[in-house]
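Just one chain is shown here, as structure tokens, and it is the form predicted alone.
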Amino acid sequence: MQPISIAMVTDFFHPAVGGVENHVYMLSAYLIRRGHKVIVITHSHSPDRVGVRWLAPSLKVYYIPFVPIASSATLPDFFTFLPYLRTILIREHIHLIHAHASLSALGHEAILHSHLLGVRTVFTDHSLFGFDDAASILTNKLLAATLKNIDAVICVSHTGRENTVLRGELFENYDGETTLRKSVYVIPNTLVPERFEPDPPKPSDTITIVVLSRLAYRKGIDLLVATAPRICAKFPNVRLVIGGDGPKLIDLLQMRENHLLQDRIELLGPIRQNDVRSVLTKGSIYLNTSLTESFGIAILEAACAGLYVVSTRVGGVPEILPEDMISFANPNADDVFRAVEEAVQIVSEGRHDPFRAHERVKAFYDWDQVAERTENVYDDVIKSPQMELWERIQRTMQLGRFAGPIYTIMLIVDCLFFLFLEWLMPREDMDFVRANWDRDTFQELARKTGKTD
């Protein structure tokens, strides 16, 4: 594939810490190593992090002066982002926008505006959502409106693909027959295995269970609160180390206080990404109690660090690891306790080899493969015919009796606003970014930056 210019657009990026943030950075870094130009467009995270910043290996990040309203997401307004986006895309000669995460307002707006500049679009969905609560209904309708005119969709698991297809209404109607859109791909998340080398086992009778998670309801912290005292009562040689922050922290503190488990349960608080390995290598078992999970990169990191995994059987988790590396439980306290009991027995009897687990994960997952598969998606998108405005209007009207006209009006107003900006800020008055380096030399330098550290 010929080198292209790509803009990653999302609300979720560094210095915030999370799975989406790390995925966007690593994918960008490996695409740069493959010779492409990549920039990131996100919102500001503090008053002094606004404007342009650079991250290794030469990843340019535009921090737009928008303030997040909750969980690092901005308020969708559909139009104030257009002047910024138009200027950046024109200056940087962008060919393709890759938006990330269903809750990213900037991602949705970038997809809406992109056709005005002839820029192609790809969207990656990282999460699972329901269908029966008010927040999910509104989010799903926004997603369906965005994906009506998308060029390609990437999901991180097959379960996530099914969820996104239903939520985003990714169907085509030909001659009265409804078929699934062909431009929906599955590319799993991954990690850099070298960053999660296991430590040599230390002789000890104590078994440590590690939990690293956002302490929120959807992460199943209520299950952890209900199960932890039972685990400590049944196994005197077991202790728990819990890292993370969130609204459910107070429940964990109360549980520890009520059962007098201060010496058995250690609460670490927020964990930096660079410290994840050091926390994981404290333990022998990793416990995940999520109620919903599209992929579960934390599970993969724990397995790569040599831990035996216990997890609820939800979402895309069963797709991550072989069955002999993980014990599954239904999302209820009794079954989670049963699975932990099974894991303690396996680890106590020495039936789990941390170094063999690391080598197996290292063989399964690789960022070069993910970048290559994503590059293939880009290639298919670039070669496919682009939709005209009338086709976009027809697709948008299919959203429904009320949503269809509303989004169509927004699409038309967006076109008029774009024409106004073309008159107000002519392209010939802009300063363009010009690449004066040799691509082959730059690609080689990017490869030498210590695995994108």
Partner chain sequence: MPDDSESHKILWKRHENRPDNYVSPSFLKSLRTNDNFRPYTYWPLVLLACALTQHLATIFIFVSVFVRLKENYLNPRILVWTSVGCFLTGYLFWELLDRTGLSHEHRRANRVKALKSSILIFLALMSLSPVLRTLTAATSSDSIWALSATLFALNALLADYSSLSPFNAVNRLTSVLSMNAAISASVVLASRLANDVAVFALILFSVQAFALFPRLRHRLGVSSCPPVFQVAFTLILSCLSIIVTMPLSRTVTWIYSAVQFGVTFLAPAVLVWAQKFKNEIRGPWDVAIPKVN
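Residue numbers count along the first chain shown, from 1. Fair warning: this is a prediction, and the values are worked out from it, not measured in the lab.
The protein also exists as the form predicted in complex with its partner chain; that form is not presented, and the subsequent description refers to it.
Novice: So which of I137, I90, L291, L268 reaches within 4.5 angstroms of its partner chain in the predicted complex, heavy atom to heavy atom?
Specialist: Among I137, I90, L291, L268, a heavy atom within 4.5 Å of its partner chain in the predicted complex occurs only for L291.
Novice: Which one of T208, N332, S348, Q273 is close to its partner chain in the predicted complex, taking close to mean a heavy atom within 4.5 Å?
Specialist: Of T208, N332, S348, Q273, the residue with a heavy atom within 4.5 Å of its partner chain in the predicted complex is N332.
Novice: Can you pick the stretch from 252-260, 79-87, 213-221, 193-201 whose heavy atoms fall within 4.5 Å of its partner chain in the predicted complex?
Specialist: Only one stretch passes the 4.5 Å heavy-atom test: 213-221.
Novice: Does every residue of K141, E172 and M387 put a non-hydrogen atom within 4.5 angstroms of its partner chain in the predicted complex?
Specialist: No: none of K141, E172 and M387 comes within 4.5 Å of its partner chain in the predicted complex.
Novice: Is V156 close enough to its partner chain in the predicted complex to count, meaning some heavy atom within 4.5 Å?
Specialist: Result yes; V156 sits at the interface with its partner chain in the predicted complex.
Novice: Can you check whether F123 is within 4.5 Å of its partner chain in the predicted complex, heavy atom basis?
Specialist: Outside the cut-off, so no.
Novice: Find out whether any non-hydrogen atom of A233 is located within 4.5 angstroms of its partner chain in the predicted complex, and reply yes or no.
Specialist: Result no; A233 lies far from its partner chain in the predicted complex.
Novice: In the predicted complex, does L96 come within 4.5 Å of its partner chain, counting heavy atoms only?
Specialist: No.
Novice: Between 131-148 and its partner chain in the predicted complex, list the residues on our side with a heavy atom within 4.5 Å.
Specialist: Counting only heavy atoms within 4.5 Å of its partner chain in the predicted complex, the contacting residues of 131-148 are F131, D132.
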